[in-house]
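Shown below, as structure tokens, is a lone chain in the form predicted on its own; questions about how it binds or moves come after it.
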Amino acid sequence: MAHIDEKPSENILELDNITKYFGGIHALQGVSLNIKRGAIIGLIGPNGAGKTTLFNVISGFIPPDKGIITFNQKVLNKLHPHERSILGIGRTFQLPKIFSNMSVIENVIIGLLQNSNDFSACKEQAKELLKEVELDSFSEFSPKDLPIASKKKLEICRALATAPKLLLLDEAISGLTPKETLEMVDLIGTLSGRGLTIFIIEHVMKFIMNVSQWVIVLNHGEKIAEGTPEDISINETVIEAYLGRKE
């Protein structure tokens, strides 16, 4: 009988040659990358670079046309979004996808029920999660009455309710004030400190460079660079992608 190595991989997520077409458009072109367990990884690139498409492929909302997605050493390609969520992939969206016909706490309970049938226990857990993101005083509110910063926190809280090992954050600070942005930085730091792996899309360069340990850059669906924030900030290929070629 062959020996089975049960030692967990250093990488929680591995993408190999991920390619996606929309008609004749290459949304993703042979993207390969590794996300290290417990890291905070930034994903940047100009508008239309393929960032959200990559998140949609990872979370199962769209299938890749080519390539292999491996999470915790398990190939995900044939799994649906809810199956990937059960395995430990949580995500938020650019525009919060909250159930507006439910209260704030009910939105969180829905996520907790993925892993439990005990409604009372889930309600107590939901209270704790809302307290963690400082939304406990809004638990009985309708989500549509929340300001944008609170809606984004609720999105994160809903994702946390599914007990993720990898959290995909799609533009978590867009539309936030400087004070609200700092609060989000603190929250991300707290979650990372507990061992959660975080993969972030963001357009605000100062934010992404401050919170990320490693940065990946897409342009026209291709990975054009990756490295430390310091390396990326002086990378000529990255600067050209954002600012255009100097004449």
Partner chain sequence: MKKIKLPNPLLIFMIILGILPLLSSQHFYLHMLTLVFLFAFFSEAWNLISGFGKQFSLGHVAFFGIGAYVTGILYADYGISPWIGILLSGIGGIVLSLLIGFATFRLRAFFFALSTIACAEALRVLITYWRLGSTGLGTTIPAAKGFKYLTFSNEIYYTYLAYVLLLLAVAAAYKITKSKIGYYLLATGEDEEAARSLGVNTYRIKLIVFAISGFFTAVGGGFYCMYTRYIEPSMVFSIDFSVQFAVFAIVGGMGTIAGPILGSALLVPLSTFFRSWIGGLFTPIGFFSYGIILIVIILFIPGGIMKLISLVDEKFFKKLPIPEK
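Positions refer to the first chain, counted from 1. Remember, it's a predicted structure, so these values are computed and weren't measured experimentally.
The form predicted in complex with its partner chain exists for this protein as well; it is not shown, and the discussion that follows is about that form.
Q: Here the chain is shown alone; which of 114, 73, 77, 177 has a heavy atom within 4.5 Å of its partner chain in the model of the complex?
A: It is 114 that has a heavy atom within 4.5 Å of the partner.
Q: Determine whether any heavy atom of residue 85 comes within 4.5 Å of a heavy atom of its partner chain in the model of the complex, and answer yes or no.
A: It does: once its partner chain is placed as it appears in the model of the complex, residue 85 has a heavy atom within 4.5 Å of it.
Q: Residue-level contact is defined here as any heavy atom of the residue lying within 4.5 Å of its partner chain in the model of the complex; does residue 125 satisfy this criterion?
A: So residue 125 does not count as contacting its partner chain.
Q: Is there a heavy atom of residue 91 no more than 4.5 Å from a heavy atom of its partner chain in the model of the complex?
A: Yes, residue 91 sits close enough to its partner chain in the model of the complex that at least one of its heavy atoms falls within 4.5 Å.
Q: Using 4.5 Å between non-hydrogen atoms, is residue 159 touching its partner chain in the model of the complex?
A: The answer is yes: residue 159 has a heavy atom within 4.5 Å of its partner chain.
Q: Would you check whether its partner chain, in the model of the complex, lies within 4.5 angstroms of a non-hydrogen atom from each of 97, 103 and 109?
A: So, yes: the whole triplet contacts its partner chain.
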